[in-house]
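Here you get one chain, nothing else, as structure tokens; it is the form predicted on its own.
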Amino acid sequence: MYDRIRKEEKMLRSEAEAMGHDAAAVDAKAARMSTDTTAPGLGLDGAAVLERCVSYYRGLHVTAALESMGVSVTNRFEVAERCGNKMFMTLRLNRRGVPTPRTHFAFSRDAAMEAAEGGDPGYPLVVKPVVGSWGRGVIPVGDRDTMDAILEMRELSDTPLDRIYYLQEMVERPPRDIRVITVGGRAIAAMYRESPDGGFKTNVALGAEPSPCRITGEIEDLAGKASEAVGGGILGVDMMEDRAGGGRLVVHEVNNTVEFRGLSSVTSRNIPREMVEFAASEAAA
């Protein structure tokens, strides 16, 4: 189930067909359902659905509708909801003892400015939208003028989510992070993502360079704990090496509909095959 065909969706369908499955790509934008719709009526009785929508809200609502019919969806609604909202995700990780960057939440302009100016977390910090992907809206902030500009932009757009402020400490790290893909709670592959020209953002979609990363015991343990904290499934766990903490790893994000074309280029693991196998096993359970 998709709303934009990317390389990942093509890889998943190709691998599913190679494994002998009857595979189909379904455009969520064309889907129509009602309270009377049934799984057999959609041709999904006994099917395994991989929800791959780019839109968080579209994917979340499609998942809710399908699960209400008894269709097996990977990832489950509760996992998608937690991972798609950075505040919900961070609270789950923190509650389960997963190390994360120190993060503050504010619910008004004044409270956000007070957190920034009061030294808790203070500058430098990172402001992130609570819902968003590909690094959009993630802004490093080093002074009051920059913070003022961000708050002003939020007031101009003034969507409901603009009133929720997610302020995170600036972790002193190398110009890279680590992306780990977990399937059923197991870390199956990992890569470093190095930002172009030593920049702040490390998204492959923005030009970051992937390179192989060996899955150490620390990475494996942390990825498993992060997966368990949000409810498991197929996830992308993003970690940073905290220099101030002696190089210890902290988890700064867990992704629901994880992209993997960059990681597939630097690992020998067949990532789409393992994803398809997991989704099929969930449907058969």
Partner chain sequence: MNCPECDAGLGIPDDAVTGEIVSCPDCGADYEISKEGSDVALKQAETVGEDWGE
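Residue numbers count along the first chain shown, from 1. For clarity, every value in this text was computed on a predicted model and none was experimentally measured.
Although it is not shown, the form predicted in complex with the partner chain is what the next lines describe.
Exactly one of the stretches 42 to 50, 250 to 258, 224 to 232, 63 to 71 approaches the partner chain in the model of the complex with heavy atoms within 4.5 Å, and it is 250 to 258. Of the residues given (G132, P196, P212, G122), G132 alone sits with a heavy atom within 4.5 Å of the partner chain in the model of the complex.
The shortest heavy atom separation between K29 and the partner chain in the model of the complex is within 4.5 Å.
Using a 4.5 angstroms limit between non-hydrogen atoms, V54 touches the partner chain in the model of the complex.
Using a 4.5 angstroms limit between non-hydrogen atoms, K128 is distant from the partner chain in the model of the complex.
Residue contact check for K10: one or more of its heavy atoms lie within 4.5 Å of the partner chain in the model of the complex.
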